[in-house]
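The chain below stands alone, shown as C-alpha coordinates; this is the form predicted alone.
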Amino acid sequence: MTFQFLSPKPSSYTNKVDADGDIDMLLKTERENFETKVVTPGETITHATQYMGGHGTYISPETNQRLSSVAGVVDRVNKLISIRPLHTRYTGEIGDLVIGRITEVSQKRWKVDINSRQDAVLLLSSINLPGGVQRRKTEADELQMRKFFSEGDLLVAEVRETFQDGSFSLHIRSLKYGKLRNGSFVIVPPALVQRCKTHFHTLPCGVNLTLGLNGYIWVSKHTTQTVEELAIYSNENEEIDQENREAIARVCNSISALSRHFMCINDKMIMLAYEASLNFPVKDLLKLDVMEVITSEVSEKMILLKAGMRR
(Lines give C-alpha, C1' and ligand atoms only; values in the text may rest on other atoms or scores of the structure.)
Protein backbone atom coordinates (compact mmCIF):
# COMPACT_ATOMS: atom_id res chain seq x y z
CA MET A 1 0.00 0.00 0.00
CA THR A 2 1.34 3.39 -0.94
CA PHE A 3 0.69 6.53 1.03
CA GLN A 4 0.37 9.90 -0.61
CA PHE A 5 1.00 12.97 1.51
CA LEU A 6 -0.91 15.96 0.28
CA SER A 7 0.48 19.44 0.72
CA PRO A 8 -1.48 21.52 3.27
CA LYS A 9 -4.03 23.92 1.91
CA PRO A 10 -3.02 27.58 2.09
CA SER A 11 -4.52 29.21 5.12
CA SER A 12 -7.10 31.91 4.59
CA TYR A 13 -6.02 33.61 7.79
CA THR A 14 -3.37 36.28 8.18
CA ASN A 15 -1.64 34.51 11.11
CA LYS A 16 0.08 37.73 12.09
CA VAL A 17 1.70 37.74 15.52
CA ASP A 18 1.67 40.94 17.54
CA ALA A 19 4.11 42.13 20.21
CA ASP A 20 2.32 40.06 22.87
CA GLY A 21 2.56 36.86 20.83
CA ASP A 22 -1.16 36.78 19.97
CA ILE A 23 -2.07 35.39 16.55
CA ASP A 24 -4.47 37.48 14.50
CA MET A 25 -7.13 35.10 13.14
CA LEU A 26 -8.77 37.71 10.94
CA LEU A 27 -9.43 36.48 7.39
CA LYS A 28 -7.16 37.90 4.71
CA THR A 29 -10.11 39.34 2.83
CA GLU A 30 -11.40 40.99 5.99
CA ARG A 31 -7.94 42.36 6.82
CA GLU A 32 -7.64 43.93 3.37
CA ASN A 33 -11.09 45.49 3.74
CA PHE A 34 -10.25 47.08 7.09
CA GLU A 35 -6.76 48.38 6.32
CA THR A 36 -6.63 51.93 4.94
CA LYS A 37 -10.37 52.00 4.29
CA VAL A 38 -12.15 55.35 4.16
CA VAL A 39 -15.95 55.21 4.53
CA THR A 40 -18.77 57.71 4.10
CA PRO A 41 -22.00 58.02 6.15
CA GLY A 42 -24.33 55.09 5.45
CA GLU A 43 -21.62 52.94 3.85
CA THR A 44 -21.39 49.28 4.86
CA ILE A 45 -18.35 48.53 7.03
CA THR A 46 -18.78 44.77 7.39
CA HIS A 47 -21.41 42.08 6.87
CA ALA A 48 -20.07 39.96 9.75
CA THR A 49 -22.05 39.98 12.99
CA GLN A 50 -19.25 39.01 15.41
CA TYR A 51 -17.84 42.54 15.62
CA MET A 52 -18.70 45.06 18.32
CA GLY A 53 -19.54 48.59 17.28
CA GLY A 54 -17.61 51.60 18.53
CA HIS A 55 -17.87 55.33 17.86
CA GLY A 56 -19.27 56.23 14.44
CA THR A 57 -21.02 52.91 13.71
CA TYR A 58 -24.56 51.54 13.91
CA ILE A 59 -26.50 48.45 12.79
CA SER A 60 -29.05 48.78 10.00
CA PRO A 61 -32.44 47.40 11.17
CA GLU A 62 -33.33 46.31 7.61
CA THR A 63 -30.17 44.45 6.55
CA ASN A 64 -28.55 43.80 9.97
CA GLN A 65 -25.26 45.14 8.59
CA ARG A 66 -22.88 47.44 10.43
CA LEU A 67 -22.83 50.89 8.79
CA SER A 68 -20.85 54.07 9.26
CA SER A 69 -22.52 57.18 10.67
CA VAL A 70 -19.62 59.56 9.87
CA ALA A 71 -17.02 60.02 7.16
CA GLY A 72 -13.70 58.68 8.35
CA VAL A 73 -11.17 55.85 8.51
CA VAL A 74 -12.07 52.38 9.79
CA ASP A 75 -10.17 51.58 12.99
CA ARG A 76 -10.24 47.98 14.28
CA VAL A 77 -8.94 46.72 17.61
CA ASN A 78 -9.52 42.97 17.88
CA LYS A 79 -13.31 42.68 17.48
CA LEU A 80 -14.10 46.34 18.12
CA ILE A 81 -14.73 48.52 15.05
CA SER A 82 -14.90 52.30 15.21
CA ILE A 83 -14.57 55.21 12.79
CA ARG A 84 -12.02 58.01 13.15
CA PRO A 85 -13.68 61.10 11.62
CA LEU A 86 -11.71 62.88 8.89
CA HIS A 87 -12.44 66.38 10.14
CA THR A 88 -11.71 66.35 13.85
CA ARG A 89 -9.13 67.48 16.35
CA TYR A 90 -6.31 65.17 17.34
CA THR A 91 -7.17 62.82 20.22
CA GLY A 92 -3.97 60.98 20.96
CA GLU A 93 -2.62 58.17 23.07
CA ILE A 94 0.43 57.72 25.25
CA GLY A 95 3.47 57.00 23.08
CA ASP A 96 2.21 58.87 20.00
CA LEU A 97 4.78 60.82 18.03
CA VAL A 98 3.55 64.38 17.44
CA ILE A 99 4.84 67.58 15.87
CA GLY A 100 3.94 70.85 17.55
CA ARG A 101 4.55 74.58 17.64
CA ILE A 102 5.47 76.50 20.80
CA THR A 103 2.72 79.00 21.63
CA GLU A 104 3.74 80.21 25.09
CA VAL A 105 6.69 80.09 27.47
CA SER A 106 5.62 80.06 31.12
CA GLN A 107 7.05 78.99 34.46
CA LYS A 108 8.99 75.73 34.06
CA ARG A 109 6.91 74.72 31.03
CA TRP A 110 6.06 75.45 27.42
CA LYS A 111 2.62 75.31 25.84
CA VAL A 112 2.57 73.50 22.50
CA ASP A 113 -0.04 73.51 19.75
CA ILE A 114 -0.43 69.89 18.58
CA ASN A 115 -3.77 70.27 16.73
CA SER A 116 -5.80 69.04 19.73
CA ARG A 117 -8.63 70.67 21.66
CA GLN A 118 -6.16 72.21 24.11
CA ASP A 119 -2.49 73.08 24.00
CA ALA A 120 -0.15 70.37 25.26
CA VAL A 121 2.37 70.98 28.04
CA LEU A 122 6.11 70.37 27.77
CA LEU A 123 7.76 70.57 31.18
CA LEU A 124 11.31 71.83 31.64
CA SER A 125 12.08 68.55 33.41
CA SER A 126 10.98 66.61 30.28
CA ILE A 127 13.68 67.86 27.90
CA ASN A 128 17.31 66.98 27.26
CA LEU A 129 19.91 69.56 28.16
CA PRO A 130 22.49 70.53 25.50
CA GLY A 131 25.16 67.87 25.24
CA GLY A 132 22.89 65.23 26.74
CA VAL A 133 23.79 66.20 30.32
CA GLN A 134 21.70 64.31 32.86
CA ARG A 135 21.00 66.42 35.96
CA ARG A 136 18.19 68.18 37.76
CA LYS A 137 17.00 71.43 36.21
CA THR A 138 17.93 74.53 38.21
CA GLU A 139 16.77 78.14 38.36
CA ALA A 140 19.51 79.01 35.87
CA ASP A 141 17.93 76.60 33.38
CA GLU A 142 14.54 78.20 34.00
CA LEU A 143 15.94 81.63 33.16
CA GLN A 144 17.33 80.25 29.88
CA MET A 145 14.16 78.53 28.71
CA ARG A 146 13.86 80.70 25.59
CA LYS A 147 17.34 79.52 24.54
CA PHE A 148 15.86 76.01 24.32
CA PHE A 149 12.45 76.81 22.77
CA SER A 150 10.80 80.14 22.08
CA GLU A 151 7.41 81.10 20.63
CA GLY A 152 6.94 79.82 17.08
CA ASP A 153 9.53 77.03 17.24
CA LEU A 154 8.57 73.67 15.77
CA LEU A 155 9.47 70.47 17.58
CA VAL A 156 8.88 66.74 17.44
CA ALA A 157 7.99 65.03 20.73
CA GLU A 158 6.26 62.02 22.24
CA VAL A 159 3.03 61.99 24.23
CA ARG A 160 3.96 61.20 27.82
CA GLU A 161 0.58 61.48 29.54
CA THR A 162 -3.05 62.24 28.71
CA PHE A 163 -5.54 64.07 30.94
CA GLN A 164 -9.32 63.93 31.28
CA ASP A 165 -9.80 67.46 29.94
CA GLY A 166 -8.24 66.43 26.60
CA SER A 167 -4.80 67.96 27.17
CA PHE A 168 -1.46 66.17 26.91
CA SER A 169 1.95 66.17 28.51
CA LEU A 170 4.92 65.75 26.15
CA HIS A 171 8.56 64.79 26.53
CA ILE A 172 11.68 64.94 24.34
CA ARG A 173 14.05 62.91 26.48
CA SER A 174 15.38 61.04 23.44
CA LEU A 175 17.96 62.53 21.08
CA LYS A 176 15.77 61.68 18.09
CA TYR A 177 13.27 64.29 19.31
CA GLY A 178 13.81 68.04 19.49
CA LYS A 179 13.67 71.22 17.43
CA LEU A 180 12.90 70.97 13.70
CA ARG A 181 14.98 72.83 11.10
CA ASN A 182 15.94 72.76 7.41
CA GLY A 183 12.53 71.82 6.06
CA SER A 184 8.90 72.53 5.27
CA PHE A 185 5.71 72.07 7.30
CA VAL A 186 2.54 70.35 5.99
CA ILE A 187 -0.84 70.00 7.72
CA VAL A 188 -3.25 67.13 6.93
CA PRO A 189 -6.27 65.63 8.76
CA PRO A 190 -4.96 63.48 11.65
CA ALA A 191 -7.15 60.53 10.67
CA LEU A 192 -5.27 60.13 7.38
CA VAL A 193 -1.85 59.55 8.98
CA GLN A 194 -1.27 55.83 9.43
CA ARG A 195 0.35 54.36 12.52
CA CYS A 196 3.65 52.71 11.57
CA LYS A 197 6.52 51.01 13.38
CA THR A 198 8.54 54.18 12.86
CA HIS A 199 7.49 57.68 11.87
CA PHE A 200 10.99 58.81 10.91
CA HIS A 201 11.75 58.02 7.27
CA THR A 202 14.52 58.78 4.79
CA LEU A 203 12.92 58.71 1.34
CA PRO A 204 14.81 57.49 -1.77
CA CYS A 205 14.51 61.00 -3.22
CA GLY A 206 16.95 62.23 -0.56
CA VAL A 207 14.73 63.98 2.01
CA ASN A 208 13.81 63.17 5.60
CA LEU A 209 10.15 62.69 6.50
CA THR A 210 8.63 62.93 9.98
CA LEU A 211 4.98 61.89 10.21
CA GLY A 212 3.19 63.28 13.25
CA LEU A 213 0.08 61.35 14.26
CA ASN A 214 -1.58 64.70 15.01
CA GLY A 215 -1.66 65.57 11.29
CA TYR A 216 1.50 67.72 11.30
CA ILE A 217 4.19 66.53 8.89
CA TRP A 218 7.77 67.76 8.53
CA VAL A 219 9.77 67.32 5.32
CA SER A 220 13.42 68.30 5.64
CA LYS A 221 16.85 68.08 4.11
CA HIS A 222 18.69 64.81 4.67
CA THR A 223 21.79 65.16 6.81
CA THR A 224 24.66 62.71 7.30
CA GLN A 225 25.56 64.12 10.71
CA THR A 226 24.93 61.99 13.76
CA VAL A 227 22.42 63.13 16.35
CA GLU A 228 25.21 63.87 18.82
CA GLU A 229 26.89 66.24 16.34
CA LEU A 230 23.75 68.30 15.76
CA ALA A 231 22.93 71.36 17.81
CA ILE A 232 19.47 70.25 18.94
CA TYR A 233 18.41 73.73 20.08
CA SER A 234 19.97 75.76 17.27
CA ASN A 235 17.77 78.18 15.28
CA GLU A 236 20.09 78.40 12.27
CA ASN A 237 19.10 76.54 9.12
CA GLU A 238 21.73 74.93 6.94
CA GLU A 239 22.28 75.90 3.31
CA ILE A 240 19.88 73.97 1.05
CA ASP A 241 20.71 73.73 -2.65
CA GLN A 242 18.20 74.00 -5.47
CA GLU A 243 17.91 70.24 -6.01
CA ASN A 244 17.02 69.58 -2.37
CA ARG A 245 14.58 72.48 -2.33
CA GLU A 246 12.73 71.05 -5.33
CA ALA A 247 12.67 67.56 -3.78
CA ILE A 248 11.24 68.93 -0.51
CA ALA A 249 8.63 71.01 -2.35
CA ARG A 250 7.64 68.03 -4.54
CA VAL A 251 7.17 65.76 -1.50
CA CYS A 252 5.11 68.44 0.29
CA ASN A 253 2.86 68.96 -2.73
CA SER A 254 2.46 65.18 -3.13
CA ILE A 255 1.28 64.96 0.50
CA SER A 256 -1.18 67.81 -0.12
CA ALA A 257 -2.58 65.95 -3.15
CA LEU A 258 -3.11 62.77 -1.10
CA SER A 259 -4.75 64.78 1.68
CA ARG A 260 -7.11 66.61 -0.67
CA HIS A 261 -8.41 63.30 -2.04
CA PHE A 262 -8.65 61.75 1.47
CA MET A 263 -6.08 59.04 0.80
CA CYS A 264 -4.20 57.47 3.71
CA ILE A 265 -0.72 58.88 4.24
CA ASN A 266 2.39 56.81 4.92
CA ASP A 267 5.88 56.67 3.44
CA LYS A 268 4.90 54.21 0.68
CA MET A 269 1.90 56.25 -0.46
CA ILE A 270 4.00 59.43 -0.45
CA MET A 271 6.68 57.81 -2.62
CA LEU A 272 4.05 56.56 -5.09
CA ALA A 273 2.64 60.10 -5.31
CA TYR A 274 6.16 61.51 -5.65
CA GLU A 275 6.95 59.19 -8.57
CA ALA A 276 3.65 60.08 -10.24
CA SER A 277 4.43 63.80 -9.85
CA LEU A 278 7.72 63.59 -11.75
CA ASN A 279 5.79 64.13 -15.01
CA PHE A 280 4.83 67.65 -13.92
CA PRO A 281 6.73 70.74 -12.79
CA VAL A 282 6.72 71.43 -9.06
CA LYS A 283 4.71 74.64 -9.45
CA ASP A 284 1.83 72.78 -11.17
CA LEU A 285 1.39 70.07 -8.52
CA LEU A 286 -1.22 72.05 -6.56
CA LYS A 287 -3.52 72.44 -9.56
CA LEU A 288 -6.72 70.44 -9.13
CA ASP A 289 -6.48 68.59 -12.45
CA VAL A 290 -2.85 67.61 -11.77
CA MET A 291 -3.78 66.39 -8.28
CA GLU A 292 -6.50 64.24 -9.83
CA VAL A 293 -4.02 62.64 -12.25
CA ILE A 294 -1.49 61.94 -9.49
CA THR A 295 -3.96 60.39 -7.05
CA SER A 296 -5.56 58.30 -9.80
CA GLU A 297 -2.16 56.87 -10.71
CA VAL A 298 -1.44 56.15 -7.04
CA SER A 299 -4.78 54.32 -6.71
CA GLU A 300 -4.02 52.19 -9.78
CA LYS A 301 -0.58 51.26 -8.43
CA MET A 302 -2.04 50.31 -5.06
CA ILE A 303 -4.60 48.05 -6.75
CA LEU A 304 -1.80 46.32 -8.69
CA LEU A 305 0.30 45.91 -5.55
CA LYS A 306 -2.60 44.35 -3.65
CA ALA A 307 -3.35 42.05 -6.58
CA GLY A 308 0.31 40.95 -6.61
CA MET A 309 0.26 40.27 -2.85
CA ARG A 310 -2.86 38.06 -3.18
CA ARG A 311 -1.05 35.86 -5.67
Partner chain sequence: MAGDRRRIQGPEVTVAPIIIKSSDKGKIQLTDANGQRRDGRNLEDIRPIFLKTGLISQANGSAYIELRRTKIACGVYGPRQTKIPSFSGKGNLNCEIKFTPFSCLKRRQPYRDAQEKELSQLVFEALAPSIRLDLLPKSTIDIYISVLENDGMASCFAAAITCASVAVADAGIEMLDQVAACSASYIDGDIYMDSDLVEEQRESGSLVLSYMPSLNEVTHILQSGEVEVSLTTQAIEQCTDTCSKIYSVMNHSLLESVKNRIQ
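Quick caveat: nothing in here was measured; it's all calculated off a predicted structure. Positions refer to the first chain, counted from 1.
A second form of this protein, the form predicted in complex with its partner chain, is not displayed here; the remarks below concern that form.
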#### Entry: is_contact(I265, its partner chain) in the predicted bound form, heavy atom dist at most 4.5 Å
no
### Query
Does its partner chain come within 4.5 Å of any heavy atom of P281 in the predicted bound form?
no
### Task
Could you confirm whether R101 comes within 4.5 Å of its partner chain in the predicted bound form, counting heavy atoms only?
no
### Message
Considering non-hydrogen atoms and a 4.5 Å limit, does its partner chain approach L86 in the predicted bound form?
### Response
yes
### Query
What is the one choice in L272, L285, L67, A247 with a heavy atom within 4.5 Å of its partner chain in the predicted bound form?
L67
### Message
Can you work out which of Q118, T202, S234, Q144 has a heavy atom no more than 4.5 Å from its partner chain in the predicted bound form?
### Response
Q118
### Message
Within 4.5 angstroms, counting heavy atoms, which one of the listed stretches 204 to 212, 153 to 161, 176 to 184, 69 to 77 is next to its partner chain in the predicted bound form?
### Response
69 to 77
### Summary
Taking the shown form as reference, the Cα pair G166 and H55 shifts by 3 Å or more in the predicted bound form and sits closer
### Query
Are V70 and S167 closer or farther apart at their Cα atoms in the predicted bound form than shown, with the shift being 3 Å or more?
closer
